[in-house]
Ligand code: PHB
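Heads up, the chain below is alone and in the form predicted on its own; it's given as structure tokens.
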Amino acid sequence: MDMRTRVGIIGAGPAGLMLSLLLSMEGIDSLVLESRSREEIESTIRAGVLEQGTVDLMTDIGLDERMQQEGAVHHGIELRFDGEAHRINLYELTNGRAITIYPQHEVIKDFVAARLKQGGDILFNVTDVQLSDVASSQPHIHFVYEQEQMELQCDFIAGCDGFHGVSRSSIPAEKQNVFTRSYPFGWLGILMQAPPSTHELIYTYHERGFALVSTRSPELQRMYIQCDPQDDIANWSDTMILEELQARLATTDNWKLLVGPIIQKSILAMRSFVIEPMQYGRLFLAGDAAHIVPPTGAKGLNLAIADVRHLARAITLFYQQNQTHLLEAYSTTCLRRVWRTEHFSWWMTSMLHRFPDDDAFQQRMQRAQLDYTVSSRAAATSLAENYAGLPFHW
């Protein structure tokens, strides 16, 4: 069966869904293809630290109702080391910018509902997706939907299908420049049924390794500890995890971690990844299809939203004014922010984690960086403006 749309979007994650919403508001039709079910994408629990720019964009397009009701605005974060807590006041240091804690699966629920309310199409449970003629003016997407072979003709294709998706592999290998870095540690993450132990995120540097405390809701908490990325989660009992959290988070003022049943636990490997360019012909990559950042800086979702905001503007200008300069500059425009974000995430990761081969010198260097960050307004401001999010035009 043959189909036609202006923009074929592969992937119903934050990037793909936001792009479809922004295009629809400009009268530009699109079709979103997703390999998973609606139930799966709306129930997969992931982190949800939203930058000020992401919050502002959702507000501007009328997607802020549940976020305002259920999200938690944080005006600061805490750096903890040597048993002492040091607050970084994001709000004060950035002239009123903050972060909002609102889980990614809730964001996706809002985006899916809004897109369907617009009358837009999202095809779930799509299989065997293949791209063709992406360097031409009429690229095609071939896929199977409800056991029927489909062919979608487009003007543009947006590859928003994540690191393991098919979009990136449609760019010839000789046209790709790939930059990667794997980190020698991972995060053991848990979801715990317990009241909040903190009003703001806690980032901890400790001789036993990094730890992070984050609130997901009044009843559900998200926490992480640094671990061996090759470790088996079966090696970690609930008791072991809680003991490690208590040890790494201990303070001289006897701060208490409130605990409860652990309902989910897993180990996440950490890496950085960037592909250049982020476009080839009429194929444009966005989100995790184009770049991965370690989660220390809480940037993955926000970077994806920044990508598609640029792409939506470029596509809109093409249809409304027949101008192509923003499309041609898409990769260059996005990569400037991508590399700034990669650097910030690498910097946070390097400052807060213990490396397998570090020594006393390396540990003193990390401690010096932490001391400077919490004692220098200039250093704290740099952290704050990157964490709360640079403006979209950056």
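Every value quoted in this text rests on a predicted model; they were computed, and no experiment measured them. We number the residues from 1 along the sequence you see.
The form predicted in complex with this ligand is left out here; the points below concern that form.
Interface residue in the predicted complex among 222, 97, 80, 310, criterion: non-hydrogen atom within 4.5 angstroms of this ligand
Exactly one residue meets the criterion: 222.
Just one of 226, 170, 296, 204 has a heavy atom within 4.5 angstroms of this ligand in the predicted complex, so which one?
When this ligand is considered in the predicted complex, the option within 4.5 Å is 296.
Can you tell me if residue 115 lies within 4.5 angstroms of this ligand in the predicted complex, counting non-hydrogen atoms only?
Output for residue 115 is no: heavy atoms all beyond 4.5 Å of this ligand.
With the cut-off set at 4.5 Å between non-hydrogen atoms, does residue 46 touch this ligand in the predicted complex?
Residue 46: yes, in contact with this ligand in the predicted complex.
Is it the case that residue 187, even though its partner is missing from this view, gets within 4.5 Å of this ligand in the predicted complex, heavy atoms only?
Although this ligand is absent here, residue 187 would touch it in the predicted complex, with heavy atoms inside 4.5 Å.
Is residue 212 one of the residues lying within 4.5 Å of this ligand in the predicted complex, judged by heavy atom distances?
Yes - in the predicted complex, heavy atoms of residue 212 and this ligand come within 4.5 Å of each other.
Within 4.5 Å, heavy atoms only, one stretch in 316-324, 146-154, 288-296, 253-261 touches this ligand in the predicted complex. Which?
Flagged stretch: 288-296.
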